[in-house]
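Starting off, we have a lone chain in the form predicted alone, written out as structure tokens.
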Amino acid sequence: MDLSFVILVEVLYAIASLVLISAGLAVVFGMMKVINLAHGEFMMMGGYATITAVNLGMNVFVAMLLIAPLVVGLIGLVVERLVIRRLYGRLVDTMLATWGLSLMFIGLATMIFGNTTTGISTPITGFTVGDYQINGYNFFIIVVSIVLVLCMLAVLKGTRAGLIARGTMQRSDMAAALGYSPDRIYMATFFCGSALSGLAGAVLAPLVGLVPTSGGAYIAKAFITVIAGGPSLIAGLVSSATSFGLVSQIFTFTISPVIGEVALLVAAVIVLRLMPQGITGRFFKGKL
């Protein structure tokens, strides 16, 4: 019974981690069709913003949930205004530009913070369940992911701003004809996607040692999760994260963590081979 509870928590944690890692990219790539190869570096900057704020005496939860998303969102706003806005609809050019930005961010982080590992301790202590030890911070990540998905659903489906953003991504000419500014809507959407990336990096920062190249550990999982999810933003994000998180943890517990990571990648290849349009291209059609 104790082992079953531990496995359940670890599976939920794996799913929640994939949702967090991929949420920002789901907005930028899934909605805006911008191939943001600097997504991992936005997460890295969220981690560094959290660590810096905590070292300056700020409460760790305020730093993670408010300061880091705001800082990274503002950086994303500057990037969108200076670079991305000129490249909409040019996928290859966007890919090259964001790759260059990722290298620039790594270089700047190395200059400012050095090339050594830094981090903060988890603000929530662990506890034991029978013979097993569980990291209490995993529950925080699960809760944050659930709240994040619910907030995204509420904003995109239940607010005027969300409906305008979705409509503009599909038909910017029609939005302009109705009096909305596609330029401003793209800017706001990229800001939100960047802020979500910063939030993910901040929330995950206490679990990993942070170095300027940390973003490379996230980018592949994020793209795999978003692409395999298919055209539906939230349904695709949740369904692919659930599928890959479950597969990863099954192999992690039965064999080893390394095999679990390999199984996730193999599962992604199989999903895309069987369902080229993604999970929501075959199931959950018409869902957000």
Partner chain sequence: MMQGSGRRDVLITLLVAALLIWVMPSMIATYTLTVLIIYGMLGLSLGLIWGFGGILCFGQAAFFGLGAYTYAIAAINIGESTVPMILAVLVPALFATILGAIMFYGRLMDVYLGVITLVVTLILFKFVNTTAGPQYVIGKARIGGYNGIPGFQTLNVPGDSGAYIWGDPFYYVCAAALVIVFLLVTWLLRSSFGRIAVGIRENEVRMALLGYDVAARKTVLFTIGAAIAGLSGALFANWSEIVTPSLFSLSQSAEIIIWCIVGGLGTRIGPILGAAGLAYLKFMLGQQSVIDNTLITGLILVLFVLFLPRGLMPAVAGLWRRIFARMRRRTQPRTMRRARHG
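Positions refer to the first chain, counted from 1. Model, not experiment: these values are computed from the prediction.
This protein has a second form, the form predicted together with the partner chain, left out of what is shown; the following refers to that one.
**Q** Given that the partner is absent here, does A220 sit within 4.5 Å of the partner chain in the model of the complex, heavy atoms only?
**A** Judged by the heavy-atom cut-off of 4.5 Å, A220 is in contact with the partner chain in the model of the complex.
**Q** Hey, in the model of the complex, is G126 touching the partner chain, heavy atoms inside 4.5 Å?
**A** It does not: once the partner chain is placed as it appears in the model of the complex, G126 has no heavy atom within 4.5 Å of it.
**Q** State yes or no: in the model of the complex, is some non-hydrogen atom of L12 no more than 4.5 angstroms from a non-hydrogen atom of the partner chain?
**A** Output for L12 is no: heavy atoms all beyond 4.5 Å of the partner chain.
**Q** Do V92 and the partner chain share at least one heavy atom pair within 4.5 Å in the model of the complex?
**A** Yes, V92 is a contact residue.
**Q** Within 4.5 Å of the partner chain in the model of the complex, heavy atoms considered, which of T159, T117, S181, T110?
**A** Looking at T159, T117, S181, T110 one by one, just T110 meets the 4.5 Å heavy-atom criterion.
**Q** Please identify the residue among L163, L103, C151, V208 with any heavy atom within 4.5 Å of the partner chain in the model of the complex.
**A** Flagged contact: L103.
**Q** Among 52-60, 65-73, 34-42, 234-242, which stretch sits within 4.5 Å of the partner chain in the model of the complex, heavy atoms only?
**A** After filtering at 4.5 Å, what remains is 34-42.
**Q** Which residues within 224-255 place at least one heavy atom within 4.5 Å of the partner chain in the model of the complex?
**A** Counting only heavy atoms within 4.5 Å of the partner chain in the model of the complex, the contacting residues of 224-255 are I224, I227.
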